[in-house]
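In structure tokens, one chain follows: the form predicted alone.
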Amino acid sequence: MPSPYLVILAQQEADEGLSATTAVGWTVFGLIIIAFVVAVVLNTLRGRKEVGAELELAANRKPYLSDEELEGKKLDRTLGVGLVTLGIIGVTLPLYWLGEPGRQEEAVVVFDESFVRRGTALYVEACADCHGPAAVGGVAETPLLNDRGEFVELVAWQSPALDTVLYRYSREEVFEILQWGRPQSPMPAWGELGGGPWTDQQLWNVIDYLESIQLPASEVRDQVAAELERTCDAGDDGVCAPGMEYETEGEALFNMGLTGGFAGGAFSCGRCHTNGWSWGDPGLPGGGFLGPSLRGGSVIRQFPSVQSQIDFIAEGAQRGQPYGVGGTAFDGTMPGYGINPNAADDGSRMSEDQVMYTDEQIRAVVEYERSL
């Protein structure tokens, strides 16, 4: 999984403080300095002020220790110091080598925690006002423009929850959205290439934070089930109980969040395929907006078989890959609602069961869309 783990050591140490390995290194270095200072002091104290001729003072002219003295206690001391030093090296190097895998794993964790912390600060500073303090969705006040770019009114745009964004988009797709923003929506460009203030590293840091807060699969399933029960309460045939807001389970799923603001519309197909959905003034359901129109048999023409449409909604659009009859995804922004695109990546926190909708729910959406 591509990830921005390339940062300079000085920056990491500033964030995390000295690592255990660095602390040991500085300790050894300090001991060496102390030993050097002690040796200099002792040598100085042993010296004596000498006055005399060059014959008496020159080091190469003065008599030195005899062979008996050199090959006695002095040699034993020297050999003893060497043996102790060799023993220390022989023990510490294997121990250091054995501990290296653990240090590498800890370094990855430290990097990850550091990036999540930085991403949290960036999210709180720039994203929380629209997407909510805990990324559960929110409202962004934004001017609504007509097709000539003229101001119409100020609307309350539903900003989707981001605590499930990696259920349906890959990290790379989220990076592109952050980099370039969302045209015809309040979502601005945050990356340098898109004219925003953030570097690529900061964009990845925000994604690292979002990955750290993705909801457990069981919690998402429970929330979706509760919302369906509130708006539809469908029987085994997929038809909603009398008095519910929607007629079929597929219609309820297609518009999930339109009433009540569930997850800011993150689970809804209508927020992209229905004009006005995002600001609470929906036009013709499935009539098209950010996404194409699904009405008038266009879905059936694009996907002659039910299964081909189910597969497309489950997997989403893959950049540059064909789909249906004559369809090609240029930007890949149609997310997958039944397959997690991040689950297979090395090091990802995401699992295969973290998906937006079950197979049965996707089939219900397909049945509704084919009826439009």
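All residue numbers are counted from 1 along the displayed sequence. Keep in mind that this is a model prediction, so the values were computed, not measured.
Not on display, but discussed next: the form predicted together with ligand HEC.
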To test your reading of this chain, name the stretch in 29 to 37, 322 to 330, 340 to 348, 64 to 72 whose heavy atoms come within 4.5 Å of ligand HEC in the predicted bound form. 322 to 330
Can you work out whether Ser159 and ligand HEC are in contact in the predicted bound form, taking contact to mean some heavy atom pair no more than 4.5 Å apart? yes
With the partner left out here, check for me: in the predicted bound form, does some heavy atom of Leu290 sit within 4.5 Å of ligand HEC? yes
May I ask you to state whether Phe115 is within 4.5 Å of ligand HEC in the predicted bound form, using heavy atom distances? no
Even though the partner isn't displayed, in the predicted bound form is Pro188 close enough to ligand HEC, meaning a heavy atom within 4.5 Å? yes
All of Leu144, Leu258 and Phe262 with a heavy atom within 4.5 Å of ligand HEC in the predicted bound form: no
Assert contact residue (ligand HEC, in the predicted bound form, non-hydrogen atom within 4.5 Å, options Met244, Val155, Leu215, Ile177) equals Ile177
Heavy atom within 4.5 Å of ligand HEC in the predicted bound form, from candidates Leu228, Val220, Cys240, Ala126, belongs to Ala126
For a quick check, can you give me the residues of 248 to 286 that have a heavy atom within 4.5 Å of ligand HEC in the predicted bound form? Ser268, Cys269, Arg271, Cys272, His273, Ser278
